[in-house]
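The chain below stands alone and is given in structure tokens; this is the form predicted alone.
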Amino acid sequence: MNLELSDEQEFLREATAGALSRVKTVEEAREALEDEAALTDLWPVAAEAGWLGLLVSEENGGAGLSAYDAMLVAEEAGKVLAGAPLLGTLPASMLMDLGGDDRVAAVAAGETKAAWLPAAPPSSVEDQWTVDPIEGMDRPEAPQAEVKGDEVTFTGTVAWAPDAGEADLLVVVGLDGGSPVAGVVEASADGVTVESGWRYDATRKLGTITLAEATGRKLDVDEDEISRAWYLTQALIAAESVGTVATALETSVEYAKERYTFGRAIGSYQAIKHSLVEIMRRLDNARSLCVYAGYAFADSPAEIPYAAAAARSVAGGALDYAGRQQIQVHGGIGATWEHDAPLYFRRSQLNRRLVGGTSMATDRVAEELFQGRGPVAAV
């Protein structure tokens, strides 16, 4: 297996970095804590760069690329704390493409904004499809659905959905007699209430969507395809976290070389060296699992739940550790608003909780192994 990026993937990564370099994303992340209007709208940037159609087939106006290609884009966005509309749009466009919705071409072109409302597949912990709670730890069931021909009506609430507060179309997962169905509902449709906002990290726009007999078009997708949207988002968050960890490590190493105390660079002290090496170790582990997740999406569908959950779990732990250590390495200045470190810490704390959270991904890894579905168990 060749683990090196292809020439096309290298170009995609470089082009993504170039597009993001034209926006002062980190500076705007700080300003947005006081004024949300400080953020540049990244939907046009994403449309121009072609990110919105990465997973849409070429016949429907997209690029027809792989999940791993999308993860490369997410990693670059994570490096600069860019709130690019990837976590909501990419699973939405993928399901619309698979389900035969003719509006997906407009989504891929950036003419229409779409967002997927996260719903988690059943597990040994939760025996039914569930969504994130508005508050507390108990996960409510996914919205109820009623199918009539090509239409589906949803009733329920989905909280903290990435990019949903700004979307024109909502890709909803609901339960019809206990079985999952997916449909596309217009955000302006009767029975749809959208509350947008942010938590912890001002660059990540979230939406809490309440559906009261809201009717949309049913997508022709099966349960495995609906599940794939969940695992795709786990992999995207993992890749984005890897990018953020990489930046935290880079800035910490540079500071450890430049900052002197008692006549020595602080990087020469054992406590600092150990913490930086631990960030690097966790980063390498997470990056390796992201590669594995990309392989699973392309060549081993049965391993997708294990691979995506493992990547999310390890990358989430790496980002949490790196966010804390970045502040520690920078000392007093690292804990102040004059430095960028608190912004990376905010991103780490949101990623710990978003779309099921790191702990839910860890539970999924354990379940896959106990059920003999993970590669280690198979050996």
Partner chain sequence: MDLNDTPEQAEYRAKIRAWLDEHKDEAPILQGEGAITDPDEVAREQRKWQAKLAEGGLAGATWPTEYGGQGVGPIESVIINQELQRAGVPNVFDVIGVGMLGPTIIAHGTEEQKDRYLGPMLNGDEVWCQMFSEPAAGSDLAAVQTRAVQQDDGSWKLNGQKVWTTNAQYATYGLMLARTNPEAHKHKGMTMFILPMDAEGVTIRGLRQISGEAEFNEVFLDDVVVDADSVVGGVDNGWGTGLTTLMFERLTIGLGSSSFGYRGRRFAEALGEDEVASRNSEVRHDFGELAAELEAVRWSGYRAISALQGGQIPGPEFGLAKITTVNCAIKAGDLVADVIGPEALAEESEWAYMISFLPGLKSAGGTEEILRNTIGERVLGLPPEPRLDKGVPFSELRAIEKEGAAA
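Residue numbers count along the first chain shown, from 1. Predicted model, so just to flag it, every value in this text is computed and none were measured.
What comes next is about the form predicted together with its partner chain, which is not displayed.
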item: Distance check, I333 to its partner chain in the predicted complex, heavy atom within 4.5 Å; value: yes
item: 4.5 Å heavy atom contact, D224 and its partner chain in the predicted complex; value: no
item: Any non-hydrogen atom of E4 within 4.5 angstroms of its partner chain in the predicted complex; value: yes
item: 4.5 Å heavy atom contact, W43 and its partner chain in the predicted complex; value: no
item: Segment assignment from 175-183, 100-108, 85-93, 292-300: heavy atom within 4.5 Å of its partner chain in the predicted complex; value: 292-300
item: The unique member of Q144, T210, S196, S123 whose heavy atoms fall within 4.5 Å of its partner chain in the predicted complex; value: S123
item: The single option of A256, V152, V80, A229 touching its partner chain in the predicted complex, heavy atom within 4.5 Å; value: A256
item: Partner contacts for 127-152, taking its partner chain in the predicted complex and a 4.5 Å heavy atom cut-off; value: I134, E135, G136, M137, D138
